[in-house]
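The form predicted alone is given below as one chain in structure tokens.
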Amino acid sequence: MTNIAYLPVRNTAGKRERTKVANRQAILDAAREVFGELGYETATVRDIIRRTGLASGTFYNYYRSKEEVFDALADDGARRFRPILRAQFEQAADFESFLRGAIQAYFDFLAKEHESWRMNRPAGETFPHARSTPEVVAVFDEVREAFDKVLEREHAPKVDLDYLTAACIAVAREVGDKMLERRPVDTQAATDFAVKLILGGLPALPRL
């Protein structure tokens, strides 16, 4: 009897948690649409709230600004990209195949994520960078670990993995941003450029 008496409390707590998850997702979905249609600079918190159908007080229970919402979107995207990145590592035969597969997967993911933005915003309009959220940092760590294992498997000379990872991610991010500004968006051409740029510079890196 004691356990049964507690069931309604647990069910209420579970329902409250599901509501929080649903509200947070509704805000992120609305923000993604609003940023895509209006552009990040033009969009306001009020625009996002209107799209959710939630009360303004509900919005501020989760986020304090559109910058926080944008960071949450970046976190969500990085979280969903990590399994894709892991799959590229698992099927890679060497450093080059992992690098190419990871960058191509990233550019394809980027193009799909910002499809509404690309459709509604003029060519040449830039998209803001996300800050180093926990999931974005986790992607960095995962790329670094993959580089370490692939290069060790090839018995390659040791290089500074922190710098290598940072440089490769920076190249992919900057080329990816420029790719999104162009019409049409060509993920293959962007991948070829980024991979050749990185591979061309790798032999010249100082050895540890």
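Numbers for residues come from their place in the sequence shown, where the first is 1. Because the structure is a prediction, the values reported are computed rather than measured.
Here the subject shifts to the form predicted together with the DNA, a form of this protein not shown in this document.
Interface residue remark: Val159 is not counted as part of the site for the DNA in the predicted bound form, having no heavy atom within 4.5 Å. Although the partner is absent here, Arg16 is a contact residue: one of its heavy atoms lies within 4.5 angstroms of the DNA in the predicted bound form. Although the partner is absent here, Tyr163 sits far enough away that none of its heavy atoms falls within 4.5 Å of the DNA in the predicted bound form. A residue is said to contact a partner when one of its heavy atoms sits within 4.5 Å of a partner heavy atom; Tyr62 meets this definition for the DNA in the predicted bound form. Checking 179-187, 137-145, 48-56, 150-158 against the DNA in the predicted bound form, the stretch whose residues place heavy atoms within 4.5 Å of it is 48-56. The putative spot formed by Gln88, Gln91 and Lys112 is not touched by the DNA in the predicted bound form; no residue has a non-hydrogen atom within 4.5 angstroms of it. The partner is not shown here, but in the predicted bound form the stretch 15-44 reaches within 4.5 angstroms of the DNA through a heavy atom at Lys15, Arg16, Lys20, Asn23, Thr44.
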